[in-house]
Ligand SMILES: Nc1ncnc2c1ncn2[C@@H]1O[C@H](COP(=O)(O)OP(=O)(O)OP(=O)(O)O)[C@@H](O)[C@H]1O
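Single chain ahead, written as C-alpha cells, the form predicted on its own.
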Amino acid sequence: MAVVQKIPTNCKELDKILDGGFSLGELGLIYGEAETAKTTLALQCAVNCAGMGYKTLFIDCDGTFSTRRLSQIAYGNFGKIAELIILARPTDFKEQMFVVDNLTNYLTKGFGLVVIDTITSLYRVEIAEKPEKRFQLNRELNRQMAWLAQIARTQKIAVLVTSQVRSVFDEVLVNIEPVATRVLKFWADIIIAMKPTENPRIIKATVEKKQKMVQPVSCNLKIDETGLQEYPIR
C-alpha cells in the first residue's frame, strides 16, 4: 500500500490547480447543477483511492450510485476496485445523521476517503416536509459538516461532499450557489464549482477555495464513458 497524502482526480489540469489532488485531512465541497458530473468526479476520486490500496466509504444519499458507471471508470480493474468501495444508503435525514455520527466506527484501518453524495438532498426533503423545522435542520446540517471536518483532520483521510444548487438573484445577475451555502462553504477547505457550458459534454470546473489560493482558477473537463478527462480551453 503506497503512502498517500493526496487523492488525485485524474484530470491533469484540475490536479495541477489542487497541487496534486484532494489532501488527506481536508474537507472538500463539489457543487453544481444537475448533469455537471459531480458524482462522476467523486467516483473518480474513489477509484483512484482504491488504486492506491485504500478504502472509500461512499454514502449515497440520492440512491443513484451506479455500479455500471463505477465499472466504466475503473476500466478492467473493476473487481479489485469494487472490493475497496463500501456503500451506505441512508433513506432519510435521520439515517444520514446516524451514519455521519458513527463514522469513526466504520472507518477501520485502511480508509483514505469518505464521499457523501449528495449531502443536501435528504435535508431538502426534510425541509419540504417540515418547513417549520428549518432552523433545527440547518443547525443539524452545520453540526454534521463540523463533525466531517473534524473526522478528516483526526482520521487523516479526505472527505468529499457534493451539493445541489439554488439560484440567487441580485440586481444584475442570477448566481448559482450550493444549498445551505454558508454552512457548506464555511466548513469546506476546498470548494469546486461544476458549471455547464454550451457543449453538454464539457464542464467548467472552478476551484473557488483551497489553501493559499488568491483567486479562483478554472479548467474545462470532458465527460466520456470512462469518466472525466482534461479538455484544454480553446
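Residues carry their position along the shown sequence, with the first being 1. Computed from a prediction, not measured in an experiment: that's the story for all the values here.
Below, we turn to the form predicted together with this ligand, even though it does not appear here.
Exactly one of the stretches 184-192, 205-213, 39-47, 52-60 approaches this ligand in the predicted bound form with heavy atoms within 4.5 Å, and it is 39-47. This ligand in the predicted bound form comes within 4.5 Å of no heavy atom belonging to residue 19. In the predicted bound form, residue 164 approaches this ligand with a heavy atom inside 4.5 Å. Among residues of the shown chain, residue 155 is not one whose heavy atoms approach this ligand to within 4.5 Å in the predicted bound form.
Taking non-hydrogen atoms only, residue 144 never approaches this ligand to within 4.5 angstroms in the predicted bound form. Although this ligand is not shown here, in the predicted bound form the stretch 57-74 places heavy atoms of 62, 69, 72 within 4.5 Å of it, in sequence order.
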